[in-house]
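Next up is one chain by itself, shown in structure tokens, the form predicted on its own.
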Amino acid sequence: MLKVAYFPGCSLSSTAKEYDISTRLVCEDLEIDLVEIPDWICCGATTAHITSELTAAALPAKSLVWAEKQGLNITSPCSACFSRLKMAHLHIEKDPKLKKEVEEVIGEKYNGKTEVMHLTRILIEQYGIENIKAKIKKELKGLKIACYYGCLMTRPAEVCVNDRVENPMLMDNLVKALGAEPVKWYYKTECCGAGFSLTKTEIARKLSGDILKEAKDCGADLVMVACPLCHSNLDARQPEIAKLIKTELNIPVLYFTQVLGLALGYNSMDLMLNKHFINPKPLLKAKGIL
């Protein structure tokens, strides 16, 4: 059994609970043992790194040290948490002064032996596409999906170590394995404006609107994401965005673990599909998936 330390993070414990639930369901089904880090603390997203380098490194370091003691790599489905954990690891490794300060703050030695991996990499590179295919109970035929990676899964390149920075394919390959069609589109790594969601809402609306319109124009039935911040902008703000751009959108936005869960045979209640602002159930019923 594949075993990995699990950092759920703040969003998956609150507003993005459906992401956490679907992650745990699919990993249990695939016999991936997610060992939740006890007493994990906020990773510092999205403000710690612009206020204090030490705080930004020390917050993730506590969880990294715990995983290291267990001899486990660490994963987080949330792209923001993943980015902060990986960034802290790299900064501590490169800066002896920062490393010493972090060790003083957390009261423990930091050896940096734990690898930080996004859950998509755990599934595709460690568990394996063929093993996923063997578990599929319902192919998602006829479903066209726009895989949206956003900023933090691919940038900066040295942090994310993705397959391709400008045109990543991890989620696209997963979609193909599930029997669905990943659409070719040009906004898969564009920013949705998540950082401006509350402070400069008009910017978030504009950027998210461009993404949604492109997905619709390219024939996507739904947008698949891996970040709670991206999901919030593309799903919760979609009705106001549609009014702003004077275009009917109505494009469901699902987490990649929910899409995988559908292929594994879970129903809408299991995956908390009722929690989304744009109801995906009519589409999925029309496609014969629900």
Partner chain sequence: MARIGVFVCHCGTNISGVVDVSRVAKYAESLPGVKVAVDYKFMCSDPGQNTIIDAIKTHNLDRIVVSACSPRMHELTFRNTLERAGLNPYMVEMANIREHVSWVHSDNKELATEKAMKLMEMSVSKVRRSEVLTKMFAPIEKRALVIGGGIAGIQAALDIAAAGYKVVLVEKESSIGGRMAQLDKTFPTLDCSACILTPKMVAVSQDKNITLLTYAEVTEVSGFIGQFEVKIKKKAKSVNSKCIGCGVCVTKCPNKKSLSDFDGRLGPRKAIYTLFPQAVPNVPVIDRETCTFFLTGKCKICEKVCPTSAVDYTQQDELITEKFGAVVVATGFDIYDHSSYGEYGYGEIKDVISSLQFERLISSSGPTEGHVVRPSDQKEVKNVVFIQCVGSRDESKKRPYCSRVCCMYTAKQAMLLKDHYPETQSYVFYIDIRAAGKNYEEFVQRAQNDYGVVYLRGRVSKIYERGNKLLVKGADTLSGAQVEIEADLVVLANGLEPRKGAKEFSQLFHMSSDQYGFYNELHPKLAPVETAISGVFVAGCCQSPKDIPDTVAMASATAAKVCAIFAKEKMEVEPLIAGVNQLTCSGCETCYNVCPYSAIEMKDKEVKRGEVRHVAEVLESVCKGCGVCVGACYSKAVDLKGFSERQILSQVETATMPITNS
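Note that this is a predicted model, so its numbers are computed, not measured. Numbering follows the first chain given and starts at 1.
Only in words, not in the display: the form predicted in complex with the partner chain, which the text now covers.
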**Complete:** Heavy atom within 4.5 Å of the partner chain in the predicted complex, from candidates Arg164, Lys100, Lys113, Lys141, belongs to Arg164
**Request:** From the candidate stretches 86-94, 71-79, 180-188, 116-124, select the single one in contact with the partner chain in the predicted complex, where contact means a heavy atom within 4.5 Å.
**Result:** 180-188
**Item:** Distance check, Glu214 to the partner chain in the predicted complex, heavy atom within 4.5 Å
**Value:** yes
